[in-house]
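Just one chain follows, in the form predicted on its own, and it is written as structure tokens.
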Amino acid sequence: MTGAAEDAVDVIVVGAGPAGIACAFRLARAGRTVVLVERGTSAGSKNVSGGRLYTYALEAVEAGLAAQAPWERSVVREQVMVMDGERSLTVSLAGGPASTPGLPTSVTVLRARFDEWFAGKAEEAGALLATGIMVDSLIEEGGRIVGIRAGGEEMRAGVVVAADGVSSVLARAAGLVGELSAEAVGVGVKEVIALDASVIEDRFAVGQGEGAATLMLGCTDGVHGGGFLYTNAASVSLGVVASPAGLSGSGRTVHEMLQALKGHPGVRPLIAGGHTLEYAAHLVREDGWRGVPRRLTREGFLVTGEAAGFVLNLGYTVRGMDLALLSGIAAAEAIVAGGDLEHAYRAALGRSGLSATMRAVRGYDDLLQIPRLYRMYPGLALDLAGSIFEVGPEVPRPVRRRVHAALRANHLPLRTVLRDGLVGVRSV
């Protein structure tokens, strides 16, 4: 790197995750000189996520990319598993129309493999990938960001893009975001567990190359959070995300929750015989649209991806990579457009549908903040489901009495359930 202003590039993108790579790719395609800086030894080596990608977003970067991508399995089965103690109830939905003709709606990916491939595409488009570089600070002159410092050296650019993840150092240094609160994030841990492809297909009732995505409620000891299980080509990704604010008073760690989940009767048969290939931890944004900063830019600087809060956790689905890709595209479009960077970026985010998507579900945060959702409702759901299958010498109880008995057993007054239901209705 150099300190000479005449050697400045058009754009420096910090962070080779989906948002940063998409931004660098589109800028290079537009003829801009762009350097993509990554602290890991390769793109994806430091990146962690559950591992589900919606293909429409990759197609938005450039048509045809999704078909080329090294994805693991196409998701053909959506599942929600509710747990209480040793019990579990799984609701499964198979099939459904594809959002893009000829492509699965979503696929599973392993980030190290996918991100490295995607960064290679950005390089083919003309971006320069610089790995193993930890950015120390921003260079500011006259109120404008003009570059970065790393390892005692400087690199200058017309625009610096911060795509450096959930706890973005650069976005904080630029004054766009503050420290994350414990309520704004979840602590996630994940294991990738090796299993034979045929075993996965048999256990999850899917065909060759097909897979399932399972989200879990009731596996966090009453703490705000949940679990996930995604199928890969020859492995599964199993993880737990829990609120650090809740963990502090629970006496449990998220690692302990994951180990308990591995032994749960609803999960244990699905991973039996497997061995752990990878273990990783990550902070996950959980504040939705409310966590997006009021300003996303300042002169010579822009924040995108998870660093800007573009993540959705809706309980029944978690969306990170697709929103990261859309925001990276929007960042590139804003830079290419020139003029007022904030206005151009907001306009591009609007055209992508990202802003409207996040606003449309911002009420879900109110629903997901109800503690009974994690402490009492899983037991209620399983009690009600179990009562349906009760068979004995006694005369069957009327449904009304079964419901009241389940409410009493879980210490849930009917008025509380109705009030929480109203929050749920308002959230949509």
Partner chain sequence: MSTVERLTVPDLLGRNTYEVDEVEAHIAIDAAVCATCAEKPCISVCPAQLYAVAPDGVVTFDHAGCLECGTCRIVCVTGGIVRWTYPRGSYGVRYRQG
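None of these values were measured; they are calculated from a predicted model. Positions refer to the first chain, counted from 1.
If you look for the form predicted in complex with the partner chain, you will not find it shown, but the lines that follow are about it.
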{"item": "All of 39, 111 and 276 within 4.5 Å of the partner chain in the predicted bound form, heavy atom check", "value": "yes"}
{"item": "is_contact(residue 47, the partner chain) in the predicted bound form, heavy atom dist at most 4.5 Å", "value": "yes"}
{"item": "Residue contact check: residue 86 to the partner chain in the predicted bound form, 4.5 Å heavy atom", "value": "no"}
{"item": "In the predicted bound form, residue 338 touching the partner chain (heavy atom, 4.5 Å)", "value": "no"}
{"item": "Residue 285: touches the partner chain in the predicted bound form, heavy atom cutoff 4.5 angstroms", "value": "no"}
{"item": "Option touching the partner chain, based on a heavy atom within 4.5 Å in the predicted bound form, out of 354, 247, 155, 216", "value": "247"}
{"item": "The unique member of 280, 347, 358, 174 whose heavy atoms fall within 4.5 Å of the partner chain in the predicted bound form", "value": "280"}
{"item": "Options 111-119, 327-335, 75-83, 285-293; stretch whose heavy atom lies within 4.5 Å of the partner chain in the predicted bound form", "value": "111-119"}
{"item": "Residues of 191-210 having any heavy atom within 4.5 Å of the partner chain in the predicted bound form, listed in sequence order", "value": "191, 192, 193"}
